[in-house]
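Take a look at this single chain in structure tokens; it is the form predicted on its own.
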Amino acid sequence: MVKTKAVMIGAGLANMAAAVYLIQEGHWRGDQITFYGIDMHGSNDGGEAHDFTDEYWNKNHPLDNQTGYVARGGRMLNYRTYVDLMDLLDRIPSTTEPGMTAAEDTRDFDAHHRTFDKARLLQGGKGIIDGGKLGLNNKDRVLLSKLVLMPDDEETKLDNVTIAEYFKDDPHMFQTNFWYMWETTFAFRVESSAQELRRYMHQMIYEFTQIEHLVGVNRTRYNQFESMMLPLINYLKGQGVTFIGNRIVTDWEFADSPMQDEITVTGIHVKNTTDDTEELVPIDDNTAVIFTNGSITDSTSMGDYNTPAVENMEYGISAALWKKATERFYNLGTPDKFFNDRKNSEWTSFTLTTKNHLLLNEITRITTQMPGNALNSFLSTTPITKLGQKDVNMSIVVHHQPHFTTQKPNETVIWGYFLYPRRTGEFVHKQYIKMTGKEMAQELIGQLSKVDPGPDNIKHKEAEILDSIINNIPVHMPYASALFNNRAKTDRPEVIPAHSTNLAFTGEFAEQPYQMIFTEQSAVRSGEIAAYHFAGISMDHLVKTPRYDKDPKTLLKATRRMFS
């Protein structure tokens, strides 16, 4: 149903993509589009620590140390698969590189800083592990091949099946280098959805041939907020789009219909978080409502060098609004599958800022690679899983420096994460979630010391390294992996649900054919679909999505690698 105005609930990548396509393909004016959002960072965030301290999630937990930088999460790009993202970034100018689009900026940086990870896996007593040896046995290969060969119309066979259940007769799978690299590259857990793993195996099948070096990974020049989100924000503001921040949409007004299944939004209740006032914003017949119905950064909490992040138990605000809609209509999914299962969706990250390059240089020496190439995952030397098996303790990303435009030449920024935050550190004997920034840095130094080839072990420089740290900010994200939670296909609403006259769903919790979540690709495409629908543009004009799972050459290469 064609509209002439849009209200965007959520100011993340998906809705910003929708706005760009409405303007450029639908030929809308910017002043026809209004955003309501709690913040402007979204999941592709990054900035100086003090920029985050007054935001909604942090205002009740002020930080003593507000220096340094923070990025709640880290997400890798891939040009081969992220075709909609690159189409979007080609439509807007770079914020930092004059004369370039945001896509040209990223391609230019990436062309001069190719990724080649030489230390993808490390383990005490062994140092750098040869990730080229995937470690698969025949049972692993058979089960993986079944996922790759399963056609799209049969994926409901994996409804409500976890990865652990799929491999229940093959525990060996979770002791392979392939699994260690796959789980930490994409943030899968054994409790995650086997259905989602199948989609990744289809869309990222070519990763079999390069996963140990991450040569297919592309990176932005700076953090993703400054290289992706800020160009979008600047472009949309320049077009006259209205952004209203510090707002939570708390409830809906829907029109009645004879069968009570027609979805027509007639109003939204909007709360101003600065003064707790609330207003009813009417939605007329000409207005589309484009709603990002879940955020992996909702309910995050931050700590600092001397303070752990205090867990925020608030149910995600975007999911709470989604849940209100499901109470009225039957075909809009099951929010609790994703947002009421924290034990399977949480992880904890940290952003470490130093005043010199001592730690950076030590990591470069130990891993034998330059900054910008790394996703280093540290394997335990003893069993740490419920199955009594070894697994990854922690992972770090050493960015090309500077990672922020305001970063001083002498400063270093490093990001890392714990996929299982309730596990206990090997060097700081407490759960990761309970560690201060200093203790996370000590745990990192300890993990590095186990794989240090010498002759002078990094542990001998611990005091000097700790003295160099400006801040290390722990961030606990209860929903970071919620999009991977075990589910059925119908647990996510379609972008345009049946019987909807003016409501669309966007982002990582909207169901799309073939698309894999936790990617900027799926986020942008959902916004593109919503925009085309409400602008009356044929879906034939959507960016063409490659299907590498149907490419014989790609499948042959993957098969050879799997059996090598």
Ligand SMILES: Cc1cc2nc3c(=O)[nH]c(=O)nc-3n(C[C@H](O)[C@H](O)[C@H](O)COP(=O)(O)OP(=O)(O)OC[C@H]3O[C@@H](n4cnc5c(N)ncnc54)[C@H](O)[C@@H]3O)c2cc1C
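Don't overthink the numbering: it's just position in the shown sequence, from 1. Keep in mind it's a predicted model, so treat the numbers as computed, not measured.
Omitted here: the form predicted together with this ligand. The next part is about that form.
**Q** Would you check, heavy atoms only and a 4.5 Å threshold, whether residue 37 touches this ligand in the predicted bound form?
**A** Yes, residue 37 sits close enough to this ligand in the predicted bound form that at least one of its heavy atoms falls within 4.5 Å.
**Q** Can you check whether residue 533 is within 4.5 Å of this ligand in the predicted bound form, heavy atom basis?
**A** Contact with this ligand, no.
**Q** Is residue 347 close enough to this ligand in the predicted bound form to count, meaning some heavy atom within 4.5 Å?
**A** Output for residue 347 is yes: heavy atoms within 4.5 Å of this ligand.
**Q** Would residue 445 show up as a contact with this ligand in the predicted bound form if we use heavy atoms at 4.5 Å?
**A** Contact check for residue 445: no, nothing within 4.5 Å of this ligand in the predicted bound form.
**Q** So which stretch, 437 to 445, 291 to 299, 384 to 392, 157 to 165, is the one near this ligand in the predicted bound form (non-hydrogen atoms, 4.5 Å)?
**A** Residues of 291 to 299 come within 4.5 Å of the partner.
**Q** Could you check which residue among 332, 477, 359, 232 gets a heavy atom within 4.5 Å of this ligand in the predicted bound form?
**A** Comparing distances to this ligand in the predicted bound form, the residue within 4.5 Å is 477.
**Q** On the criterion of a non-hydrogen atom at 4.5 angstroms or closer, are 42, 72 and 317 all touching this ligand in the predicted bound form?
**A** All of them do, each having a heavy atom within 4.5 Å of the partner.
**Q** Is any part of 488 to 519 within 4.5 angstroms of this ligand in the predicted bound form by a non-hydrogen atom, and which residues would that be?
**A** Contacts from 488 to 519: 507, 508, 518, 519.
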